[in-house]
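As a starting point, one isolated chain is supplied in structure tokens, in the form predicted on its own.
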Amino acid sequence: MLALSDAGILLGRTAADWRGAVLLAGEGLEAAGFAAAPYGQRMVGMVEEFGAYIVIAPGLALAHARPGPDVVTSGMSVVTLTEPVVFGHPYNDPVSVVLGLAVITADEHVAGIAELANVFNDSSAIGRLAAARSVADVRAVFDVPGVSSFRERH
């Protein structure tokens, strides 16, 4: 199960490019206590190695890396950008919302993706996240009946 801490919700941020946007997602994971600092750079490395596959829908990127010693516990961060950035995806650029995902095991990765898919079945979810002005706005997007993840972890 993925947790979403208020400390991991970064709204209205600015990034010079996709690398900066992914590193912001890493900063959110670190601020929430889900990952250590090197994890952000490992997420950047995944895009450098495999391309912009993390841009999973118009305006939305799901930054992640493999489980590793820099993951403290499973969780997620949310970053909204004041100015969208280009990742190089042929259809879904530019990106204004970046989710950072840190997991301990591959099974948690699959389960986390499945729960995120339930959230984004709502076609308005990305736009609502991009327009979010408060933590409560973000939490409202992830408050989906039957989805138990994304709860605050203290």
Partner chain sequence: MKIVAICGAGVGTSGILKVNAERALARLDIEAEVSATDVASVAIAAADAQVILTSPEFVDRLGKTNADVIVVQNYFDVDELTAKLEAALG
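Positions refer to the first chain, counted from 1. Values in this document were obtained by computation on a predicted structure and should not be read as measured data.
What comes next is about the form predicted in complex with the partner chain, which does not appear here.
* Asked: in the predicted complex, do Ile9, Val78 and Leu81 all put a heavy atom within 4.5 Å of the partner chain?
  -> No: no residue has a heavy atom within 4.5 Å of the partner.
* To do: Decide whether Val86 counts as a contact residue for the partner chain in the predicted complex under a heavy atom distance cut-off of 4.5 Å.
  => Residue-level check for Val86: no, no contact with the partner chain.
* Asked: Counting only non-hydrogen atoms and a 4.5 angstroms cut-off, does Ala52 reach the partner chain in the predicted complex?
  -> Within the cut-off, so yes.
* Quick one: does Val44 come within 4.5 Å of the partner chain in the predicted complex, counting heavy atoms only? -> No, Val44 is distant from the partner.
* Asked: Is there a non-hydrogen atom of Pro58 within 4.5 angstroms of a non-hydrogen atom of the partner chain in the predicted complex?
  -> Output for Pro58 is yes: heavy atoms within 4.5 Å of the partner chain.
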